[in-house]
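One chain comes next, on its own, written as structure tokens: the form predicted on its own.
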Amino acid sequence: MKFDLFVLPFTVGLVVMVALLVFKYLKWLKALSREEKEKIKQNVFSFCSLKALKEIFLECLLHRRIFKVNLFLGFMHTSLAFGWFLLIVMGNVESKFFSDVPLNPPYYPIFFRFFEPAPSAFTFSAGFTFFMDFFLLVVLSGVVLAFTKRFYSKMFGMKKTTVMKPGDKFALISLWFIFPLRLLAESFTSGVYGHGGFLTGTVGRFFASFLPVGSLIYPSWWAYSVSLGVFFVALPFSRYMHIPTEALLIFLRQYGLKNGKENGVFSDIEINSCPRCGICIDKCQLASAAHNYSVQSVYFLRSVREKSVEEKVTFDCLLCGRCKEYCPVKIDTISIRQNQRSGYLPDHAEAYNYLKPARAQKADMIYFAGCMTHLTPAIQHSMLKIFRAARENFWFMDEDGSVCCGRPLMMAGKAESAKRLMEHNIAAIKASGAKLLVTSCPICYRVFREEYHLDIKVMHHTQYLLKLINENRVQLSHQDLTVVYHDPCELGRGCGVYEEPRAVLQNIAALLKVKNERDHSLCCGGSLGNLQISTAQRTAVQKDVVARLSVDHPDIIVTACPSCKKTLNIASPVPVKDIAEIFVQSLEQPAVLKHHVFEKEPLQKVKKEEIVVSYSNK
């Protein structure tokens, strides 16, 4: 067996890293619940494992999601990850071709050019030399881009990069040194022995022309080995822990594991899978519009991992989900943050003991407007008019007083209080005998759908309106209006309802596309999930969203959330309407002229028989 002392730093580093990772992963797997372990057992020998391997290849090696953010950024990550992977694989294959020993030590293929400086005698030697040089060049290009990104992040589509701690910087610098040192070590060796490929051979001849490369060979291999050893030891304690942990996370996700109501082992694995790439910083509107660069998910997750969570970082978040949408690892930052919040606020569920027993009215369908819809009465007025036009036998569940759906309390981390309200509503819903529940608020829609576990169908009113169109239960006229549609966060990213509102609007008006829509939609700024944001910051977010939605000068900005409508209306010179208002307008007045101005909805309560959609032509 070939051996030299310089391989020790690499070998020791590798052993330490593997030991720490095995210990950590076994500890995590042991701490999983019985139900989670059962899911793993049921799926480990199924197609789920193949799907996991496919996802690991696409996301951990090729970084498909990062390519969608920026080509340079994607190439930088791919060249480092996939290029290094190919160097390892090709190096092992090359050493096996050359060596007759059945089992070589791990360091042998890594330092192959030192132990076999002139391996020209074995089969495919020239091909291996070419490809090893080519893959090394690919990785080096990634190192150059990574170094450049520290100073010219805009080239990579990023205004801000993550502020690193000393441990991360130490690991980063050791990583940057690995491949240039490998180039030098192999080139000096090639310069002495007259071998090497198009890269190492050329560089070797260049240095040999003016340097005593013979005396530099040994120190350069030592330096290469030390840089590898240092990086391996630093990896479990730095951002690079995400490299092996993300693979574990992908397997567990494919087996059906996900975050619960409390942060547990799976949450811990997600937190350790954060690469701290900083992509979420620019995508957060608190950064891009309100210039707050210290509360983004990358910093929140890092503080949870380091057990140094600050209350401000935990609560200063719109919970809009844009960070999750752009996250290369798809970490469920919202549920982790909500669970973290529960540790700060007292949850006095007994405060709701004053609630009287739920009252119900027999009906085929329930309409639950929601708190925010009651604060924007034009929406519920429109919906009531639509229900009557469709001849629905409905019960307006929260017409004269009901309780909140509970989701705002969940967003604040008060799960028990939310549960108390939900139980009250569930009793009323079941007593009604209804087969369908329609709500106008995406927040209510999401919690009814995901948390209530009702045995009746739940629809957001955009879905219900499309249902009426498809069943020919209403007649609409296409209006001479250009509109843009703003995807509410809870309805779009939260529930995946993108097509229904657009299908409804295409029956009514000319729908314009906007840059930030669907998964990449912007939060209106009125999120009920942020308990820290200042009025000035909220206003900045509102104005930024309105400006982006108004680029093509639409007649109306249409949304499907009472909170979004209320929030955008404050900052918008363009009328902001809910989709129900546009729908009922088309239902009642076929010939509406362009450039009309809508009146503000009255704040006083309106009786059913007095409900009208008030507007006037300019």
Partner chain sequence: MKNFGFYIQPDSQIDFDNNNRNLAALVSQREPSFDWCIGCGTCTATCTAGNFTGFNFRKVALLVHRGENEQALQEVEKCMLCGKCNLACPRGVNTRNVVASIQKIFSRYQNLVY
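Residue numbers count along the first chain shown, from 1. Just so we're clear, the structure is a prediction, and the values are computed from it rather than from any experiment.
What follows is about the form predicted together with the partner chain, which we do not show.
The stretch from 467-475, 368-376, 483-491, 501-509 that comes within 4.5 Å of the partner chain in the model of the complex, counting heavy atoms only, is 368-376. Remark: W222 does not count among the residues lining the partner chain in the model of the complex, judged by a heavy atom distance of 4.5 Å or less. Proximity of T333 to the partner chain in the model of the complex: non-hydrogen atoms within 4.5 Å are absent; the residue sits far from the partner. Looking at G201, you'd find every heavy atom of it more than 4.5 angstroms from the partner chain in the model of the complex. H348 belongs to the set of residues with a heavy atom inside 4.5 Å of the partner chain in the model of the complex. Relative to the partner chain in the model of the complex, residues I271, S303 and D519 are all farther than 4.5 Å at every heavy atom. Comment: the partner chain is not present in this chain, but in the model of the complex one of T78, N263, S95, Q532 has a heavy atom within 4.5 Å of it, namely Q532. Checking D364, E311, E450, E416 for any heavy atom within 4.5 Å of the partner chain in the model of the complex turns up a single hit: E311. Taking the partner chain as positioned in the model of the complex, the residues of 542-571 that bring a heavy atom within 4.5 Å of it are, in sequence order, S563, K566, T567.
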